[in-house]
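One chain comes next, on its own, written as structure tokens: the form predicted alone.
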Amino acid sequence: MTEPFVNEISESEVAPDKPSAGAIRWARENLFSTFFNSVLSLLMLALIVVFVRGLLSYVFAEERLWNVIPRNMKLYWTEAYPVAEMTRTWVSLGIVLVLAGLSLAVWKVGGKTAPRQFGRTLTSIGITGLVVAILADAPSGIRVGAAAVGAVLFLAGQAVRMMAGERFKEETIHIRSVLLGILLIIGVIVWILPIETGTKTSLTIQGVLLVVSYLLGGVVVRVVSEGLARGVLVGLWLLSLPVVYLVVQRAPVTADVPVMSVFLPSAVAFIVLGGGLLWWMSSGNAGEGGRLAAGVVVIAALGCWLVSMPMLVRFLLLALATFALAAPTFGGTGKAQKNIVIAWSVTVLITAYFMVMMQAETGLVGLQGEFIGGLNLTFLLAVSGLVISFPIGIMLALGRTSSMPIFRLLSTGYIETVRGVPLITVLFFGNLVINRFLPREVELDNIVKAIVAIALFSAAYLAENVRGGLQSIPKGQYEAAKAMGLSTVQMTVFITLPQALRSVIPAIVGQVISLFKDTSLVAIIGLADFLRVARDIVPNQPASLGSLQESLLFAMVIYWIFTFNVSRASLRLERKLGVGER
């Protein structure tokens, strides 16, 4: 990938850093510059002290039942998943952490920080601990502990700045070292908390997997190119979702699935016939015959839903129609033809494999109700809804900005209809009606219907975000692409759409955060998501009665942790791509 051209500025041309004003001078200039500002500052400080003291007193009150949180972690995480099969959930978490560790290394997330910034962070945390010790109406043991930890961190922050000397502004501290230290501290806390020994061991193994995969990722980027490593990781992330939920956690039993009589022959037939068709259509010599063949495949892909046939054939026909429409644009050379056929063959095999897994009965022993619940279900709804809604939203955005009236009217009608209906209504409607739109032999369960409803609802909002990005592209970009002889599809894929998506990253991230929180609405159709477990299930356990407030506060903290980290990752991505700067 070509690096963007940036004007380099020599050190002599860079303006010197503004001298530190000191805390007293800063407060005088920003809080007490005038009599009116002084009154407002003192009033706000008093309100903050009252609020913080009230919050800390509530959190550390003796009647708080915080011990129910570690005791019910299994319910929060997986709800009714069989205890005997919990190893499968640890394997699922391990897959995600291994991919996360590899991704952090391959994308080189982290970098370095300056001792001044690191020292400020330690000092701030230390001051927070001292404030807790002073203001909290808590037992003396907690106050003394908070004061001790705060004092240690405060002194550590000052020591870091002093030890750095004149290099305290230079970025010399590796963030990965800091994260490793935080991981070790979390590990110590886990072993202190009243959790089962097996859970402590499993959590420790997960932490080790994360570190080892990160180190392995550092080796991988030295052996293979970054582009190849990133492409493989993106593919693994996409496959991880069905692997985790359809294979690992569901434990499918394929004894009654007609693999040899239906799935295998169908897959081979589509690979051979579809591959030959795509090879011819991507050769550049198909001409009008190629377009006619693509039209026939599209009609067959849509018409197959009106007659009875295996679901695998229906999905493969939809995939073949997509490949047939794209083949003339992305083919033309021998290598491109080969890549298209390889991609098609891999798509057929993956589709057939996961269709087998979906059709197989679950082999979980002692299962009661849905096998997914708690935070596990919340993640599934959020990630699946986002993955499915993203391509649909882009297609709707392109349709609404299209010059063809039929696509523009259909897209506009869908977007305006869905945006005018609350998500709760869509969930109710989807839960009751979706199966009526499908062939008789197809019946979706409640979780799949909820995923479909969330994805269709989210796609309408995503389409409007992408449309805003498309409209921000200057007309000169379109004219330049046409002057180069690019087709409409090539202009969209290579020129306008990447720029549009880059410019609307903040809006898309805001929608991701909203989608993650909106998944809590599935409780109205009977699904036990994370919030429902925290509100209805844990507080009603015999040993946890009266813990509703603590359980809801714990749920609030978990939601905040994930949404805050998504927001910070978005800011990092925006800075890297220069959103709003160029």
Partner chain sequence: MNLKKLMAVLAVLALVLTACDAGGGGDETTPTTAVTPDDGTTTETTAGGTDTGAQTGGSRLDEIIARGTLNCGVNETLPGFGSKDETGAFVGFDIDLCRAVAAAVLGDSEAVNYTALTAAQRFEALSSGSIDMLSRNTTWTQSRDGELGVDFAPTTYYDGQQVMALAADGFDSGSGLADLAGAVICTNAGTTTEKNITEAMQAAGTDFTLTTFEDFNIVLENFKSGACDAVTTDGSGLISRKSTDEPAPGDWVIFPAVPISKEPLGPGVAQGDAKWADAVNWSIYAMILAEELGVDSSNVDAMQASPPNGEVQRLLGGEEEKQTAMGLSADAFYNVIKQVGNYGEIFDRHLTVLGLERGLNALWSDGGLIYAPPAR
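Numbering follows the first chain given and starts at 1. Treat the numbers as computed from the prediction; the structure is a model and nothing was measured.
One more form of this protein should be noted, the form predicted in complex with its partner chain, which is absent from this view; the next part is about it.
Chemist: Has each of Ile24, Val132 and Phe371 got a heavy atom lying within 4.5 angstroms of its partner chain in the model of the complex?
Modeler: Checking in the model of the complex: none of Ile24, Val132 and Phe371 is within 4.5 Å of its partner chain.
Chemist: For the chain shown here without its partner, which stretch in 89-97, 148-156, 353-361, 402-410 has non-hydrogen atoms within 4.5 angstroms of its partner chain in the model of the complex?
Modeler: So the stretch in question is 353-361.
Chemist: Classify Gly289 as contacting or not contacting its partner chain in the model of the complex by the rule of any non-hydrogen atom within 4.5 angstroms, answering yes or no.
Modeler: The answer is yes: Gly289 has a heavy atom within 4.5 Å of its partner chain.
Chemist: Please check if Leu545 has a heavy atom lying within 4.5 Å of any heavy atom of its partner chain in the model of the complex.
Modeler: The answer is yes: Leu545 has a heavy atom within 4.5 Å of its partner chain.
Chemist: With the partner left out here, check for me: in the model of the complex, does some heavy atom of Ser240 sit within 4.5 Å of its partner chain?
Modeler: The answer is no: Ser240 has no heavy atom within 4.5 Å of its partner chain.
Chemist: Decide whether Trp280 counts as a contact residue for its partner chain in the model of the complex under a heavy atom distance cut-off of 4.5 Å.
Modeler: Trp280 belongs to the contact set for its partner chain.
Chemist: Which residue, Ala327, Ala500, Ala459, Leu320, has a heavy atom that falls within 4.5 Å of its partner chain in the model of the complex?
Modeler: Checking each option against its partner chain in the model of the complex, the one that comes within 4.5 Å is Leu320.
Chemist: Using heavy atoms only and a 4.5 Å cut-off, determine which of Ile392, Ala80, Leu470, Val160 is in contact with its partner chain in the model of the complex.
Modeler: Looking at Ile392, Ala80, Leu470, Val160 one by one, just Ala80 meets the 4.5 Å heavy-atom criterion.
Chemist: From first to last in sequence, which residues of 534-549 have any non-hydrogen atom within 4.5 angstroms of its partner chain in the model of the complex?
Modeler: Stretch hits, in order: Arg535, Asp536, Ile537, Pro539, Asn540, Gln541, Pro542, Leu545, Gly546, Leu548, Gln549.
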